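In the form predicted on its own, a lone chain appears below as structure tokens.
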Amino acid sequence: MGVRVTTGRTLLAAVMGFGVALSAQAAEYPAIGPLPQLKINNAKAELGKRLFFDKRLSGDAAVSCATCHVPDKGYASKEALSPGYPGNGHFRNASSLINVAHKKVWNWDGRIGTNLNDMTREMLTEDYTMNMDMRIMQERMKQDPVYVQMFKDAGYGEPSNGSVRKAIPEYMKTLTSANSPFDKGKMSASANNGMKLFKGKAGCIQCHNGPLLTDQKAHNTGVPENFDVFLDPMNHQAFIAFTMFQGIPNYMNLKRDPGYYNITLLDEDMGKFVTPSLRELKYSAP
């Protein structure tokens, strides 16, 4: 009996200690709160918006950025696996572009950590996304008098590849969370109770922290593999093109998305993906 009492007290102390430790730990994470304001050049953003919705930015003029990043779906894809360039499928979901201008890393595996200019270039040129030869894209822009004037008004001069990669990110700056009850400090009592759990006992803040509600780091949470990537030839050929280009060993026999592994080639990073943001969550598909 004495052993049981001692054990119970030890367990209670451990639980209480864990709660205190978790609360103290939560204070160490970047504070959640409103996003900082971004300076936006309206002329460049308007140009970027027209480019974003223009199918002529893809190789066969069949898809635009908005084909996968659908505005009424939170600028994300409603499908678990996004549609790829015609003749291809895809092996991942197109994540939301809302607040993308605030991020420090891009793609689910975090392989781009430089700037949105580079991210834009990759999406335009990869053969399984938009398959665009940027020399052809430049000529298409030059043949459109509306574009010629818009590039000039934006201060870019004549249409160019580099200007396209700057204008689209400028439009991305306009896709920013600002008017939610969370940002205005007008959350309900229930929501405030939820935030206490979020920061405390539930421990959500350990990964979903900072103004974006993501630590922007890669983790393996044990989510099952989507085998439609490997069972559908259209999806699989996009997966093969990606893993081959990334230099993934034995990619033809791989039956899981390598995730962060494609950056480090360390076994412990296999299947790790960047923490998704919780902002605008109700507008995007699971």
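Keep in mind it's a predicted model, so treat the numbers as computed, not measured. All residue numbers refer to positions in the sequence shown, first residue = 1.
What comes next is about the form predicted in complex with a small molecule, which does not appear here.
Residue contact check: Ala94 to the small molecule in the predicted bound form, 4.5 Å heavy atom = Ala94: yes, in contact with the small molecule in the predicted bound form.
Contact test in the predicted bound form: Lys78 vs the small molecule, heavy atoms, 4.5 Å = Output for Lys78 is no: heavy atoms all beyond 4.5 Å of the small molecule.
Would Ala202 sit within 4.5 Å of the small molecule in the predicted bound form, counting heavy atoms only?
-> Yes - in the predicted bound form, heavy atoms of Ala202 and the small molecule come within 4.5 Å of each other.
Is Phe151 close enough to the small molecule in the predicted bound form to count, meaning some heavy atom within 4.5 Å?
-> No.
All of His69, Ile168 and Thr221 with a heavy atom within 4.5 Å of the small molecule in the predicted bound form = All of them do, each having a heavy atom within 4.5 Å of the partner.
Counting only non-hydrogen atoms, which stretch in 183-191, 106-114, 155-163, 141-149 is within 4.5 Å of the small molecule in the predicted bound form?
-> Stretch 106-114 is the one.
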